[in-house]
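One protein chain, two forms: both are listed below as structure tokens, the first as structure 1 and the second as structure 2.
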Structure 1
């Protein structure tokens, strides 16, 4: 399993592996939204928590199809399925690798983008906390979606469509944490719910994903 983790990280860091691109995309969105919406600081500050969370979500989303599709195309997924590691474990490891190369950098960079969107001062800590808590859920849920569409060629758009609705609760609670935090209100409830979603997703979804993979390999 560790070999798999190391391989996936190495692949991500190699040329064309896409490490850091999620980050760049996140930055891009933070630039595009004001370009579309307009430059007034007040409006931006109001929508900043939501936009930052939606941005993180989309950046995650765009890298999801690499989780399994590459392995499926070159036949390694067949081989992994017959290898002596349980497929559930392999799925969990792949979701972890995805988080390490996407969710983690996103979380660390988010406060910087908060500046661009005029996020109020108290919001930064909660932005970090909510993303740190929430992005693992994004990766697990995303891995499940990726497992579902692994047989579809270039199914990026389909994947988005399947995964985005599943992301809704995470998004709502995550953005709520930041919004309340930025307004100086109590964030206990949404934070607890966010944590619950993440734990639940990490614990249960690998089984569903492995099942979906087995079905797709058939």
Structure 2
């Protein structure tokens, strides 16, 4: 499992499209939004939680099709399906690798970009907490979507259409945590729901993803 994780991290960093592309997209979004809606701090502060979460979500989406595509093309996916380690475990490791090269860097960079959007001071800690808690769900859901379209030529658009509706609950509760935290309100309910989504996705979706891979590899 550890060898598979290290391999996927190396491939992601060598091939690009993960760490650098996601951060670049996130940065561009944070820079362009003030240019589009105006530099007024009050306006930006109101929309900052939603914008930062939408940016993180879309940045994660950019590299989802690469989770299984390279392994499918070179035949490694067939070997994983017949390897002694469970395919569900391999899927979980690949989702973890995706989070390490996309979700984690985006989480760490988000507070810096929050400055550009005039996020209130009380919201920075909750922004970090919500992204750290919610982005693993994005990677797990994305791995499930990638497993459904593996082998489909130019399946990036189809993957986006499949995954985006599943991302909506995470987006809603993640942005709500930041919004309430920035306003000094109680964040217990949305934070608990966000945690429930993440735990549920991490527990159930590796099995669903493995099933989808087995069907597509027949």
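Numbering follows the first chain given and starts at 1. Note that the structure is predicted; figures quoted are calculated from it, not measured. For clarity, a rigid core is taken as the largest C-alpha set superposing within 1.5 Å between two forms.
Annotation: structure 1 represents the form predicted together with another copy of the chain, while structure 2 represents the other form. Taking the rigid core as reference, the CA displacement of residue 41 between structure 1 and structure 2 comes to 2.5 Å.
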